[in-house]
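Before any questions on binding or motion, here is one chain by itself as structure tokens, the form predicted alone.
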Amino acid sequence: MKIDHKIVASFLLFLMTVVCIVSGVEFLDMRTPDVIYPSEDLTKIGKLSDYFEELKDGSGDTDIYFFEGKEPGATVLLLCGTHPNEASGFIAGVLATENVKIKAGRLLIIPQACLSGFSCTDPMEGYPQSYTLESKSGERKFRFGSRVSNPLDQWPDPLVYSHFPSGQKLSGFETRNLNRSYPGRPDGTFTEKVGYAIVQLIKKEKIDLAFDLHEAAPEIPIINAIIYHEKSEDIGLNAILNLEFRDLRYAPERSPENFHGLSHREWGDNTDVYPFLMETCNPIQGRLRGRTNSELILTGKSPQYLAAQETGKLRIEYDAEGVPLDKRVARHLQGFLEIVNSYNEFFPEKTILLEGLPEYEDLLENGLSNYLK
């Protein structure tokens, strides 16, 4: 049978066109902003470029939600989305933004600190591009991004990343990791400029207490940990003790003095703030995770990690129930609330009084959907 090469060529051209259109739509979908509905106590929405103008209207110019009480008090920063592939930190920020009420002091929330990283995924990880959560009025779709800034914003990576100003050497991939880029610099890389702007915000807004929310693989020792700068130790340990009374265990981890670039180290060293970083456990971050899809983001259930735990060769806490997203978000919010309460105990003359955020048990009982608008 004679093959009509023109028909074959036309079909292949059509097929390639379809593939390009589908790919283009998916690419543009990652650039569609996630929608957040702030609570009625919102004072204003600022931009990170308000603290470093060079970021204006670019991929690093993320939103900052300001909530201010009628009474004076401390100023707190809740930074989320440092690593956009760590869903519980970002969703905790969304939940806080949509529910918080302020009686005294100020709360600044950045749900998407690494805004650039929300516009792409890590190509070698096979991550889903998004996941869907139920809200009070229907489904809401959120992007699942990359651990680091989009290479379209910063490229190429060097073979070795040299942290400024310490000179510490790390893998070249870390050059786009916001949590290796503090205190940043105004004439540095894209990611260093974002880090610089956040540090300027902490200084100019006179932030008293600051949080950075993360997730880690089950085999990482710092899961379910509260990491603190040495000057924050008393506040942190007091909060961890109070959490123990609620049967919630958070491992205390003091920030290593010789590991530079991280928020809990550089914020503490370069500003007056009391900084904290919190980690929850999520198998999607790990090497043993198995099938990688949006269900794993939501349920935290991995048969591979369960099998690894049962061998006794991995020092992890993991069971058949997994670590669902609502539980991880609840841990972040409860840890945040207890550290705020602890800060208020140490500084009664300058407190921050928050309402509206669900307690750990309430969030588990009612689910995320009851607190998403």
Partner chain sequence: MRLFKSLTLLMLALTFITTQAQESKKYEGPILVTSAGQSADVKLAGLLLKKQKLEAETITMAKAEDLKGVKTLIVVPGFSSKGLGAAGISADEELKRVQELLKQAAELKIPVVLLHIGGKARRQGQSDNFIKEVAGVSSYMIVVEQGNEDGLFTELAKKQKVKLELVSKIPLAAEPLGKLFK
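Residue numbers count along the first chain shown, from 1. No experiment lies behind these values; they were computed from the predicted model shown.
Omitted from view is the form predicted together with its partner chain, to which the following refers.
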Does any heavy atom of Y228 come within 4.5 Å of a heavy atom of its partner chain in the predicted bound form?
-> yes
Even though its partner chain is not shown here, does Q285 get within 4.5 Å of it in the predicted bound form, heavy atoms only?
-> no
Indicate whether its partner chain has at least one heavy atom within 4.5 Å of a heavy atom of E257 in the predicted bound form.
-> yes
Please run the contact check for P252 against its partner chain in the predicted bound form: heavy atoms, 4.5 angstroms, yes or no?
-> yes
Could you spot which one of L55, V340, I64, I316 gets a heavy atom to within 4.5 Å of its partner chain in the predicted bound form?
-> I316
If we take heavy atoms and a 4.5 Å cut-off, which stretch out of 244-252, 188-196, 205-213, 93-101 is in contact with its partner chain in the predicted bound form?
-> 244-252
Looking at its partner chain in the predicted bound form, do all three of P303, A307 and L333 come within 4.5 Å of it through at least one heavy atom?
-> no
Stretch 261-276: residues contacting its partner chain in the predicted bound form, 4.5 Å heavy atom cut-off = H264
